[in-house]
Structures are given as structure tokens and as C-alpha cells.
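Next comes just one chain, in C-alpha cells: the form predicted alone.
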Amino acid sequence: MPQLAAARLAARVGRMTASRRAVAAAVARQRGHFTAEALAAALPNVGRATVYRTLKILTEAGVLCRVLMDDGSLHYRLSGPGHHHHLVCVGCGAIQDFADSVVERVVSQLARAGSFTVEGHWLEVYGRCAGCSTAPSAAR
């Protein structure tokens, strides 16, 4: 992953500065989802603006995907292949990718019905994973 992130980043921005390399390396080390703020805190020698700009570029390049958590916070995670959506557990914060042709057909139908050109969409489904659904604290 570090080479992929660096290669895609270099293709988008041209010159790879030490700061951009540091952000790409830190992203590659992530094992789950993370916030831009946490990444910036872990890179005290890199400017916050550089962290945010680099995350934006990596997202546009398909290296990262954004996940809107149920509390409204924006997280990032390494992206799976192709266009996908997310199942987000409100209990433990686990995120699972899913791709569904039904969702894509609905988006296409909505666009046709509204004479609308879709440039993108983003879908998060919130609920409880199997572990949180069966946990005693999940009982209501």
C-alpha cells in the first residue's frame, strides 16, 4: 500500500515533498478508520493543511474512502476496489464495504426521472454488526 499511495499521490500532484510522503506513509500504516485530526496529531512536523490536502488527493485517487460516522464525524479508511458503500456499526464503529447493483439502479432511475446528471453519490447504512446485536448491552 505505501507504494500505491505514493504513486497515486505523485501522479496527482507531481512533486512529492517530504511532508506528502510522510502523510502517505502514515495513511498506509492505518489498520482501521481514522480522522484527519488524528492523522495530523500523529504528524507534528507536517502542516495541518498539507494533511487535509493530501487526504483529499488520496480520496480522489481512490486510495482512501470517506465514511460519515453516525455521530457526524468524518473518517477515512483505505478503499476497497471499485465503487462501494458502507455499513457502519453504531455500537463498535466497525465499517464494512458493500457494493449493490440495486443501489446503482435506483440512483440511475432517480437521475433519469429528474433529468439529472449524477456526478457521484455516497451512502452509509447505520445499524449494529452481528457482535453488537447479540451483546447484552444491545438489548433495549
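None of these values were measured; they are calculated from a predicted model. Start at 1 and count along the sequence shown; that's the residue number.
The same protein has a further form, the form predicted in complex with a further copy of the same chain, not shown here; the description that follows concerns it.
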Subject >> Complete contact of A38, A42 and Y76 with a further copy of the same chain in the predicted bound form (any heavy atom, 4.5 Å) >> reply: no
Original post:
Does at least one non-hydrogen atom of A18 fall within 4.5 angstroms of a further copy of the same chain in the predicted bound form?
Top reply: no
**OP:** Would you please decide whether A22 lies within 4.5 angstroms of a further copy of the same chain in the predicted bound form, comparing each non-hydrogen atom pair?
**Re:** no
Original post:
Going by a heavy atom distance of 4.5 Å, is A49 a contact of a further copy of the same chain in the predicted bound form?
Top reply: no
**OP:** Indicate whether P81 is a 4.5 Å heavy atom neighbour of a further copy of the same chain in the predicted bound form.
**Re:** no
**OP:** Name the residue from L87, A61, A26, V67 that puts a heavy atom within 4.5 Å of a further copy of the same chain in the predicted bound form.
**Re:** L87
Original post:
If you look in the predicted bound form, which residues in 115 to 129 sit within 4.5 Å of a further copy of the same chain (heavy atoms)?
Top reply: S115, F116, T117, V118, E119, G120, H121, W122, L123, E124, V125, Y126, G127, R128, C129
